[in-house]
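In the form predicted on its own, a lone chain appears below as structure tokens.
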């Protein structure tokens, strides 16, 4: 079967997988099998990240996203956020566990002193602490909620990000958005922001033999609906097409530079079907 590809229509978004798959949690649905022990994808050094930020700015990117693993495990994470905020709006995807009062103070200062916006996304998977911690690890819910409060109290508006892994356990008549909105309102966050993502067939949820995209399925398709038509990802080993597939050989487009990665990418993975069917994006 011929593998279809998507063109790069523009380079608008740069993702930086700053800590690779190094994380302080071992979530059962993690899309890249991150965890605290022997990460299969290593962290990026500070010099490399700043070099890619500069190249991205020269190529006209409009926003930067930091992800991992857990970004705040990187020893220079606050400095790297500052570098990104010098050129474009910046988002950090985090489980919130390492956001202390001191870190929250620093983030608020960065946001206040930058001409660009700083967004922090905090991962929670259920409003019930026990159900959430069954997925994310003991104590994760309380620490994530604490991070939401710390950021909100300093004028930042965190985005609660959840997956649909516990969707089948929802009470009848109550959707995920409504549950998370009410949780945020109950914390005194008067402008609740919620992003919900599907469970992706990657990492710990990957199963062999899933459906793949075909050229016939993409005839007449609007490729601008696919995130990979405007996104590139920096991770160990080079530049990749997709933050979901960063680090996988089939997604790598360049070993050296963003400019070399400005070319079509293969839609070779079962996760590509989810994006095609749902219009899912990792962006805010």
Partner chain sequence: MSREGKEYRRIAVFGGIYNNYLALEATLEETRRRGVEALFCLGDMGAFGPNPDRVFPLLEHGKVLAIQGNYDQSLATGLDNCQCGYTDPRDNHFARLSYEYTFKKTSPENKTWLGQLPTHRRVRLGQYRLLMCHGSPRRMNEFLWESTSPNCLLEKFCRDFESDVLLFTHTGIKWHRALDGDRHVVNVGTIGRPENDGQVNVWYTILTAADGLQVEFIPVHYDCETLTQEMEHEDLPVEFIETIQTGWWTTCLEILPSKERARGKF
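Numbering follows the first chain given and starts at 1. All values reported here derive from a predicted model rather than from experimental measurement.
Below, we refer to the form predicted together with the partner chain, which is not included among the displayed structures.
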Exercise. Name the residue from 255, 59, 48, 217 that puts a heavy atom within 4.5 Å of the partner chain in the model of the complex.
Key: 59
Self-check item: 164, 178, 206, 76 - the one with a heavy atom within 4.5 Å of the partner chain in the model of the complex
Solution: 178
Quiz prompt | in the model of the complex, segment of 36-44, 246-254, 61-69, 233-241 with a heavy atom within 4.5 Å of the partner chain | solution = 61-69
Quiz item: Is it the case that 95, 198 and 270 all touch the partner chain in the model of the complex, with a non-hydrogen atom of each within 4.5 angstroms?
Solution: no
Exercise. State yes or no: in the model of the complex, is some non-hydrogen atom of residue 10 no more than 4.5 angstroms from a non-hydrogen atom of the partner chain?
Key: yes
Quiz prompt | Contact test in the model of the complex: residue 202 vs the partner chain, heavy atoms, 4.5 Å | solution = no
Quiz item: Looking in the model of the complex, any heavy atom of residue 106 within 4.5 Å of the partner chain?
Solution: no
Quiz item: Can residue 284 be called a contact residue for the partner chain in the model of the complex at 4.5 Å between heavy atoms?
Solution: yes
Self-check item: Members of 204-236 lying within 4.5 angstroms of the partner chain, judged by heavy atom, in the model of the complex
Solution: none
